[in-house]
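In the block that follows, a single chain appears as structure tokens, in the form predicted alone.
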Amino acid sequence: MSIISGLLSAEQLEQLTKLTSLLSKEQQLWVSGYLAGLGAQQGGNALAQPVSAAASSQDSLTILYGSRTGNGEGLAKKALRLAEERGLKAVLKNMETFKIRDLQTEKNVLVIVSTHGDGVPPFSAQELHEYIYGKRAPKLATTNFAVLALGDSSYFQFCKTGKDFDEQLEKLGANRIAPILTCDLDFEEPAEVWFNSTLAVFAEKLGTSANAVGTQSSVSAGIGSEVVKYSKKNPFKAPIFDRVSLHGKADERQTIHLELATDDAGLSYEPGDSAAIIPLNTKKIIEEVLQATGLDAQEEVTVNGINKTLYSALRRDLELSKITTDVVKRFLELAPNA
């Protein structure tokens, strides 16, 4: 039974034990012969293939994600692509459909999980989150792991779910191969840097070359010309072609129909595409902040590595309309006031 238990999950082993306990000795012999015959039809011993599968799972990376809005899933797919470019054998698994008992058989796991509200796991991650804190949680002494956490720093419990996974997996005996990365709303660039360094360590653990396969970063159209590729990192700033209010002048509601001019960008709209509206803080709220803090609007500050005036940063880069417990706590560190 010790050999079989290494090939089957705990749930499968439990079902097999129940079945065999209901069979007579003659029925058990018949089942044994049936499985042997089935293995012969498949070109080998019935037990040989599971052994091979179990061995191959030791040489692969599982990218396990828990996402609600789709950001975590998108990053997981990116991690899969980067892993495959390194020659890693990798598989993508959603926490929502992941069999929690299979966690004990995972040897190399890259966890990507978001946090919602006041430190709440996304629905897809709730069962696994509860499992690793429960009495049934397995020992993971042979598991290597790394965690990428997504969150919003304006909330007090920033990236709590990811931090929970990182701390609890270590408590269960798993080996952390890279420090946790806690990502704020602007996560794409730090995530890519972290993926490259972390996947290099996984590659060493799996005995695979750590050199990434090069990818083409530019696309040419015609001789001597380059097509600009617009993306979230390089957006096309579309001028407003038309703006129409969909309510009467006496109506207090505001619903605006906007048409954007994108001809110069060479973009073609398809269902599922989206346009982003980047709001600016009003001059009134900026003046209120400056008056309350006594700061100089023309003072030079650095935001995301770019030098600009404080007024410009307050206008375009910083959130001034939402005050949370975390914001107040951080402000009190700078200006203590009971």
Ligand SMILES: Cc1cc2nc3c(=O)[nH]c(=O)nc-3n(C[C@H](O)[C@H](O)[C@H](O)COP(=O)(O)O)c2cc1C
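Computed from a prediction, not measured in an experiment: that's the story for all the values here. Residue numbers run from 1 along the displayed sequence.
Absent from the display: the form predicted in complex with this ligand. The rest refers to it.
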Exercise. Which of 261-269, 149-157, 130-138, 199-207 has heavy atoms within 4.5 Å of this ligand in the model of the complex?
Worked result: 149-157
Problem set entry | R68, heavy atom within 4.5 angstroms of this ligand in the model of the complex | yes
Exercise. So, in the model of the complex, is G87 in contact with this ligand at a 4.5 angstroms heavy atom limit?
Worked result: no
For this session: Please check if L185 has a heavy atom lying within 4.5 Å of any heavy atom of this ligand in the model of the complex.
Result: yes
For this session: Could you confirm whether E189 comes within 4.5 Å of this ligand in the model of the complex, counting heavy atoms only?
Result: no
For this session: Identify which of G248, G117, P235, P239 has a heavy atom within 4.5 Å of this ligand in the model of the complex; exactly one of them does.
Result: G117
